[in-house]
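So this first bit is one chain, no partners, the form predicted on its own, shown in structure tokens.
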Amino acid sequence: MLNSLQKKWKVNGAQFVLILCTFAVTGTLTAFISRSITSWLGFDEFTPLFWKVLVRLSVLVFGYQVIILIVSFIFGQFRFFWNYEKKILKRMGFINKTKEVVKPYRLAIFASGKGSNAEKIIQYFDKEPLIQVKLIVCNKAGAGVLDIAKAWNIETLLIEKNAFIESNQYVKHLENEGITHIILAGFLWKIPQTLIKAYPNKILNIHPALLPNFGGKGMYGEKVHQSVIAAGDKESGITIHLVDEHYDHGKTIFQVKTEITSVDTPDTLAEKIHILEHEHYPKVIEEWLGAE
């Protein structure tokens, strides 16, 4: 049952625990406040049952909704519970569904290779109307990610390096397509300043190591795993971060680790990292967009 709830809410294990804690603390706190209010009002065994029920129901129905938002803020889950509360308010008629217009996020995924991360992201958001993968941007003709885009009927853009670095023609293309956010998924070129300025804090990258270690120019793919193994580290992982003008330097959004054993090689470590990437990147993207 708990696993099905976690999948339904599309949250990771840590967030799921925090959500359950929010519900538990809110329930206890609401019951305490309800008893305190009836005591303050002087209710006793002679008070008509009608008034007792009315006050307690008022606290449970209305006070609970306020209390859960306060508690969720403390646990860092306000965004999740505010969306939860909006659904309740709609059902109760306090929010007019016809007047609420929500524009979808339109993503462009930049990738250079096979596109396994891109495919996982596309699959994850396939049935999500508010988060849409609208464009695949690639710098290599014949890259596997282009076949993935074709299979999913997603538009592609093949870019040329000089134009990408020295002009803003691709920025204009993204803007004309209504792209709101950019996701880097194995994209090997440095993002130019023109694109960063056009999409400030709206470009997300995933790196196959625990930054700030094993990052920077030339550190990608197998080279990263070889360096981690050669350094004798006991753990590696993934880092999901915002993109700025420096390689692998922007604000870290998420990290998760995996153990490196004595028998691991760069290839076996790469397999472990791919599992982490496929499991976490789509969920972190969703949480990142929802936190705006």
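Keep in mind it's a predicted model, so treat the numbers as computed, not measured. We number the residues from 1 along the sequence you see.
Omitted from view is the form predicted in complex with a small molecule, to which the following refers.
Peer 1: In the predicted complex, is there a heavy atom of the small molecule that lies within 4.5 Å of any heavy atom of residue 206, even though the partner is absent here?
Peer 2: It does: once the small molecule is placed as it appears in the predicted complex, residue 206 has a heavy atom within 4.5 Å of it.
Peer 1: Would residue 190 show up as a contact with the small molecule in the predicted complex if we use heavy atoms at 4.5 Å?
Peer 2: Outside the cut-off, so no.
Peer 1: Decide whether residue 116 counts as a contact residue for the small molecule in the predicted complex under a heavy atom distance cut-off of 4.5 Å.
Peer 2: Heavy-atom contact with the small molecule at 4.5 Å: present for residue 116.
Peer 1: State yes or no: in the predicted complex, is some non-hydrogen atom of residue 185 no more than 4.5 angstroms from a non-hydrogen atom of the small molecule?
Peer 2: Residue 185 belongs to the contact set for the small molecule.
Peer 1: If contact means any heavy atom within 4.5 Å, which of 108-116, 74-82, 160-168, 131-139 contacts the small molecule in the predicted complex?
Peer 2: Heavy-atom contact with the partner occurs in 108-116.
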